[in-house]
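Given as structure tokens, the chain that follows is alone and in the form predicted on its own.
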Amino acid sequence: MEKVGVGIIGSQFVSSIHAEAFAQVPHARLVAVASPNEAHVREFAGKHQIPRWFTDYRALLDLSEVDLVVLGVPNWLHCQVTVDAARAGKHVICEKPLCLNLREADTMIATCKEQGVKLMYAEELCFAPKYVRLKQLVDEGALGKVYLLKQAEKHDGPHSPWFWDVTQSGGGVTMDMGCHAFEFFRWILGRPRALDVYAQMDTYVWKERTRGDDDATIIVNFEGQATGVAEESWAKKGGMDDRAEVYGSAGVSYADLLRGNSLHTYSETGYGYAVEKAGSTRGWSFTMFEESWNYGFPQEMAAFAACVLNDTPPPVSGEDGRAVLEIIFAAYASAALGKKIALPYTPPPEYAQRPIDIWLASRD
């Protein structure tokens, strides 16, 4: 295999990022895309110069030239599409969060192992250049013993309508973006065991649009006396904030993923898309460039394609995605019950289908 043949399943926002990222990976080639809307998937294929397109992803899975598929579909579809891809002999990159529940996570992991394919968990923060440098500082001891980490991701809401429907997404902002922080903490610390979770969340701004939480603060304690504090919001105006702080016995480091890599712009008229999730670009704004690279998407896809090409373990795996999902379940349970939740955590059977279910029940 000289190049890894890639199939994209999905054709909306994140799939555009996947296509743009793989276009920068010399050891991969885009073979096909599948999405149910014929007009949209045809346009998507033409825009990204993808030779073949389908409205049924199973037809894409039949292509022998596809070695690897990347999933950009709603959360509730992750498990079934992964299982179908694995049984077709395709390696899988699954966008975050891994799936809706722990039973699905176990099914995905087991099926990929049985079929001898790799299940890779797409957490781009583990590849974002600033955060990679931050981890290097931690690993070389520049900050001493790390005792506190913070990660914040805030904007004014998701791109697609299905995110707002908790039956499809499995939760609100904690599910959508808390997953970033939890894997970030695990990765920076060398993936120690999480000990317990305490969370506060509510729906402050989007009550008419969703039953899910739109702002959350979650505290995760890890082995080795390190604490992670996640701040997540769908309620924050003015575009995306994505920041991290790491405190150690010998130093501290702050990383602003976007603002240090942007133009500080004033415009009376406003301008086209250049500030992710900003409601308006009139007045002062932070104009991004090379946003995908700053987030680490090309680096992420290059690393995963190399795993397939060289038959090496993925740097972020399905098991990592499951560990994150368990923390998400514990966070919703903590917010519902008003207390710290110890890990490992198994949700009660009546609340095991989606992380948010126990929190919603506490509010009814």
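Keep in mind that what you see is a predicted model, and the values were worked out from it rather than measured. For every residue, the number given is its place in the sequence shown, counted from 1.
The form predicted together with a small molecule exists for this protein as well; it is not shown, and the discussion that follows is about that form.
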Location of the small molecule contact in the model of the complex, chosen stretch of 246-254, 223-231, 93-101, 126-134 [non-hydrogen atom, 4.5 Å]
93-101
How about L77 - does it come within 4.5 Å of the small molecule in the model of the complex, if we only consider non-hydrogen atoms?
yes
In the model of the complex, is there a heavy atom of the small molecule that lies within 4.5 Å of any heavy atom of V73, even though the partner is absent here?
yes
Examine H159 and determine whether its closest non-hydrogen atom to the small molecule in the model of the complex is within 4.5 angstroms.
yes
Partner proximity in the model of the complex: Q12 to the small molecule, non-hydrogen atom cutoff 4.5 Å
yes
With the partner omitted here, the residue among A330, A34, V316, V69 that in the model of the complex has a heavy atom within 4.5 Å of the small molecule is A34
Picking from W206, W187, F163, F286, the single residue whose non-hydrogen atoms come within 4.5 angstroms of the small molecule in the model of the complex is F163
